Structure formats: structure tokens, C-alpha cells
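Form predicted on its own, single chain, as C-alpha cells, below.
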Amino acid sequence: MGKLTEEFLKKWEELGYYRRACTLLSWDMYTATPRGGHPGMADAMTFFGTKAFELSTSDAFYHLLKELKDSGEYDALSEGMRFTVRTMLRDLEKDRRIPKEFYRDYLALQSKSMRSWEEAKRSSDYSLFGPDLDGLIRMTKEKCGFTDPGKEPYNVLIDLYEEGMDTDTIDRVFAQLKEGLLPMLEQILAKPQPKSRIYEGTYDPDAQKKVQQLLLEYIGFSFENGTVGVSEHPFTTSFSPRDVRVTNHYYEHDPISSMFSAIHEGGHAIFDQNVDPALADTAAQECPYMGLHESQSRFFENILGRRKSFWVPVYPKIQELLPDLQDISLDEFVQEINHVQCTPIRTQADEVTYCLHIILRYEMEQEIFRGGAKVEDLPRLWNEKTKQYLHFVPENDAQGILQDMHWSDASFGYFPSYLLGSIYDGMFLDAMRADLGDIDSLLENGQIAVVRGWLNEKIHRFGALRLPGEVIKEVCGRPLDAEPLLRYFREKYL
């Protein structure tokens, strides 16, 4: 091992410890920290996050990366480490333009706004969050100006979450979807509706946790390399392929919500747990392209999880754990989990109206970053778009603009990733059927491992090495297109 490589690996390891500390503090804040402890935890996150930023953007580290990249030692590194050096150097050249004081204040405002969002949502009082949101929008625009001078801020944010993507492409495929979905939704809503009232009852949260365990094991989540927690908003955190954590939220009167949160977050975790071991402890071990990542969680949740064949091997076991479901047949259950209806909460939406929830959020972010919308006007704009696309007005801001946590930590540009993931899924389903044949036959016979293995082989094992566009090209052999997803919806619901 050369001297430059040895020095870099030492710095990389040190930086990894700081990032692990930040990730652990964030996990703890959302799963275990009492409300009174949030300020202290937020201060600790700011401290470690600032330290990591200072280390990764230092002159010494920058020059070390440049020297290593230009030396003969670079070619001797593993593929994952070459990716690490290459992407870190690219990101560092951007991050070094951010003033350290600005970055520290930005992290502090993120921590503060997370708390104000929680309080605002709890009391359904947007005014508690509005000032912090205004500050985050302003500072996010400033940050984009530092990292990508001369580039339009919202395209900077889109590229941050889905590298290689731009708003022109998103506008094209989202418009294609909206044109097909809006009239289709009217046709679906005109059909006879499932008898949802038969699910009324009280479902023990502890029993729901056992159902989550069953479902996670069924789809292939490794408990040897993963664990579960409880949070207000379900999420997945990955320390490494050997330590991936998911959370869930349990509603006493809605057992289906936690089932599909388990499947969705489990899909994220399965991606992270099945990256090629050769990429462990490199920047390539975790896929940062959120549309591609969401495609995997939503493939398990929707493409697989809303098929009757998916439930054939496990539904009787779930009925044992949740006795109130014992009088509900599998056919009735499948009708309910595919019940298309206009509801306020994105995370509980069916797969059809979910697309419109995301288009709404994408258009809201366009209003914020391109239209000059004022923060005080955002709840009104949100409600107007909800009325336009979903035919109702939220009862309160907790069911409207405050329902998602994403803006509280400045994750602007993330929302489009969810729908990009669904569009990818329509294309992946076509490719999977071409390779594996009848998916329903495999699932009914308990061969979900075959389906998971296809995803592992085609997508998961590469981690971050392939950009989303490259994955689509390699797996599907065609450009990005929303038509396969629309066709999936038409075949299923019309």
C-alpha cells in the first residue's frame, strides 16, 4: 500500500466515525429521545456534523485527494475506493465553496426546524414552522449558489437527490402521467367501492409489530444485519450493509398502514443489505440516488405487495396475529389494499393517487424555487392543488402542508424521487416479466426469493456505481418513459 493511499484510508476512516455519530444521533432523535432532550441532541448533531464538514473540506484533505487521484496509486485502489476518491473530490470542490460559518448555521437551523415542524404538526399550527421554513428556503438557495454558481437552484437540488436528472425530463414524464391519470382516476372512482368499514376495530400495536417482523422476514430483510424502531414518520437508516435500520408507526385502528410501511421500508433496507460486499466501507456501499432507491421500496410495496399472489403464503399467518382479520377473506383484503380513493395523507395513499400527491409536491417546490411563492401563501396553494387533483381540501394543516417531514430538514428536491421510482418500476416490471415469466405464479408458490434475486442481480449489488439513467439503460434497454406505469394501472384498475 502506497503512502498516499495509507494516509487517505486513515482520513476516510476518521471521517466515517464522525458520520456514523451523526447518523446514530439522528436515529436516536427520531426513535427514542424525549421531547425535552431534543435541543441537546440537536446541538450534538450540529457539533459532529460541523466537525465532519471541516475535516472533509480541509485544504489538507483536498490536496491529498487530488494528489492520490493523479498518482499511480489510484489505479491500484479497488473499484469502490476509486469511486470514493472520484466522487469525494467532485463534492469537495463544491463544498469548499460553502463558508464554514454558513454551514454551521445551516445545520443548526435544520435541527431547530425539525423540532418546530414536529410542534407545528402536533398542534396543526403552520405559523410555528413558517419562520424556520422561510429561513431554510433562503439558506438552501444560498447554498446552491455557493456549490453550483450560475446554475438554477432547483435543478441543483434535483441533481443532488437523483444524479443526472433534470427538471425538463421530470416535467416530460410527470406531464405524461398527469394526462393519463386524471381521467383514469375518474373512471376508477366511478366503480363500486370495497367495504372498508369491515376493518373497523382495535388492532394491538404489539401484534402489529409481530406482523411487521413476519413481513420483513418474508420479503428477505436480514435481522442479522438490521433492526427495527418506532418513529412518527417511518424511515430507513443505513450505517453499512451490515447495519440497516427501519422504523414504523402503528395506528390502533389501521393495521394496513403499518403493514405497507414495513414492506416499503423493508424494500429500502433490502437494497442496502444486498450491495456487493466488495463495496463495503466505500462511498459506493449505499445508493444515494433516491429515485432509484425509492423504486426498490415501491416495487416491494406496490408492484409486489398489492398483488393477491404476494399474500397467498402469509395472509393466514397474519390473521392469526390479528384476530380481527379472521373474518375478512383474502379477496376482501386484496380489494381493500387496492382501494383507490382520494385521501389526505401521502404515506397512506393508494398507488394511483400517490402519483398525484407527488406531482402536487413537485409543483409546490417549483412555486417555491421558481415562482417566488411566499411562505405564508404555501398552505393556501397546497389546499388549492389538493382540491384540483384529489377533489377535497385538507381539514387542517397537519393533514395538509405539515404532513411530511422533508422540508423540515431542507430535503427540497427529494419528493420527485418517489414518483420517478414508480415510473422506473413500470419499466422494471416489463423487464422482469421478460426474464422470469409469470410473477404471480412465483409469488403464489412462495418463490419471492427468485424475484428478490433478480432485483439483487440487476440493481442492488451495484450500490452507487451505476447512475439511474445507466440502470434504466442496462436493465430496460430503453429511455425513461411513463407509459409502462400507465399501462400497469390500466390493466389493473380498468
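Given the structure is predicted, the values throughout are model-derived calculations rather than measurements. So that there is no doubt, residue numbering starts at 1 and follows the sequence shown.
The discussion below concerns the form predicted in complex with another copy of the chain, not included here.
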Another copy of the chain: the contacting residue among L480, L9, L24, L486 in the predicted complex [heavy atom, 4.5 Å]: L24
Another copy of the chain in the predicted complex reached by all of K51, E224 and F239, non-hydrogen atom within 4.5 Å: yes
Residue stretch of 418-426, 319-327, 206-214, 289-297 approaching another copy of the chain in the predicted complex, non-hydrogen atom distance within 4.5 Å: 206-214
Another copy of the chain contact in the predicted complex: G446, any heavy atom under 4.5 Å: no
Exercise: R35 in contact with another copy of the chain in the predicted complex, heavy atom 4.5 Å: yes
Heavy atom of D159 within 4.5 Å of another copy of the chain in the predicted complex: no
Contact of Y62 with another copy of the chain in the predicted complex (heavy atom, 4.5 Å): no
Residues of stretch 43-58 in contact with another copy of the chain in the predicted complex (4.5 Å, non-hydrogen atom): D43, A44, F47, F48, K51
